[in-house]
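Taking the form predicted on its own, here's one chain by itself in structure tokens.
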């Protein structure tokens, strides 16, 4: 995914900026004892992820508005500054630099693409700014982030595990993986191969160049392999072209793609017959939970997408962690995240519920709109639900839930 993939240049740019300008306009607003506490949202308002960013930002803003209306946290109001990643690592680095150095935020919430999160992460841990992300690449939480990354999205290994087992359960005899180069591409192929091997099945894979107008030669190659169930590894733009080419080539096997790639944009772009029978899967919000109802009310919708649900959780977790630590700093959020998200405390579904309990000296266990929000030692969540859908007559229909 060359258009928005993680690049060595992008990370080096972020690291260079950190090293070269350690004192640039650093405004320690989050550390001040008066005035507003500053938090930042950094979501894809434009670019490939632009379908998701606005509601992700609005979910964060809704939580903060509610807390401010109730008096704030640590006797201070919260000021939210929202920036656009443009689904681009280079643009995201500039935006994160501004949030940290100019706005003085203690936490950045909502980074979406794995390439973006990977690029801005060094800026965050070097400046003791907490980073909450919805990115899935396994490599993210393996970075030397010193505890300053928390991920509410299942990592790509967990997602790939679930999809591969689904393909096998649906009768696959020969698996295929096809997609662009991404931080998670080879890891997903290796993981799929391991699970398929345990079931006695073969896997063929093909990593292609992004931003091509046709993938017909790649389609011919994967079809010659004999794969009867193909997993798409790309994003919306390349998946649209690939699905068209698979249909035109007469592929008769089954196909599954991540819901963020085979989404409404693809449904609008391709005829219904091209998409008929394709499966999608995605981490599923905790439908029926009090937190899910809260974020649905904030957004004014009946169905909340997984990323907006996670961003609702980001804001609540950051606020509760600050309250538990008695400090608005990023370091306090990092140190107290697990104090408020897991353990034996009173279960709460919002900061509004938890703040009075913490103020009285009690303990809380936040359970969010995306799930339990329990984190392991490197910042990954330890479990969530998944929803599988099947496209029928041009619409995605619920198929199964794990």
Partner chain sequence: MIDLLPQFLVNGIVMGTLLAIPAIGFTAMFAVLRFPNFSVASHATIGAFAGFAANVGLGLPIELSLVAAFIVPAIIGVASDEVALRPLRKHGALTTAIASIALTIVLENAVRFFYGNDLRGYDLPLVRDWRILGVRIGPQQVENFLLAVAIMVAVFLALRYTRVGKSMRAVADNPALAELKGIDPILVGRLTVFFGMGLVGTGGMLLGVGTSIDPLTGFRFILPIFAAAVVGGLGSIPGAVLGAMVVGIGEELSLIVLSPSYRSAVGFFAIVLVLTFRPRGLLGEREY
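Positions refer to the first chain, counted from 1. Being a predicted model, the structure only gives us computed values, none of them experimental.
In what follows, reference is made to the form predicted in complex with the partner chain, a form of this protein that is not presented.
Handout entry: Option touching the partner chain, based on a heavy atom within 4.5 Å in the predicted bound form, out of 77, 197, 248, 173
Key = Answer to the contact question: 248.
Handout entry: Interface residue in the predicted bound form among 138, 228, 90, 218, criterion: non-hydrogen atom within 4.5 angstroms of the partner chain
Key = Of the listed residues, the single hit is 218.
Practice task
Answer with yes or no whether residue 47 is in contact with the partner chain in the predicted bound form, where contact means some heavy atom within 4.5 Å.
Solution key: Judged by the heavy-atom cut-off of 4.5 Å, residue 47 is in contact with the partner chain in the predicted bound form.
Problem - the partner chain contact in the predicted bound form: residue 125, any heavy atom under 4.5 Å - result: Residue 125: no, not in contact with the partner chain in the predicted bound form.
Exercise for the section: Please run the contact check for residue 223 against the partner chain in the predicted bound form: heavy atoms, 4.5 angstroms, yes or no? Expected result: Yes, residue 223 is a contact residue.
Practice task
Indicate whether residue 264 is a 4.5 Å heavy atom neighbour of the partner chain in the predicted bound form.
Solution key: The answer is no: residue 264 has no heavy atom within 4.5 Å of the partner chain.
Problem - 206, 271 and 274 each touching the partner chain in the predicted bound form (heavy atom, 4.5 Å) - result: Verified in the predicted bound form; spot residues all in contact, yes.
Exercise for the section: Within 4.5 Å of the partner chain in the predicted bound form, counting heavy atoms only, one of 324 to 332, 296 to 304, 209 to 217, 151 to 159 shows up; tell me which. Expected result: Checking each option against the 4.5 Å cut-off leaves 209 to 217.
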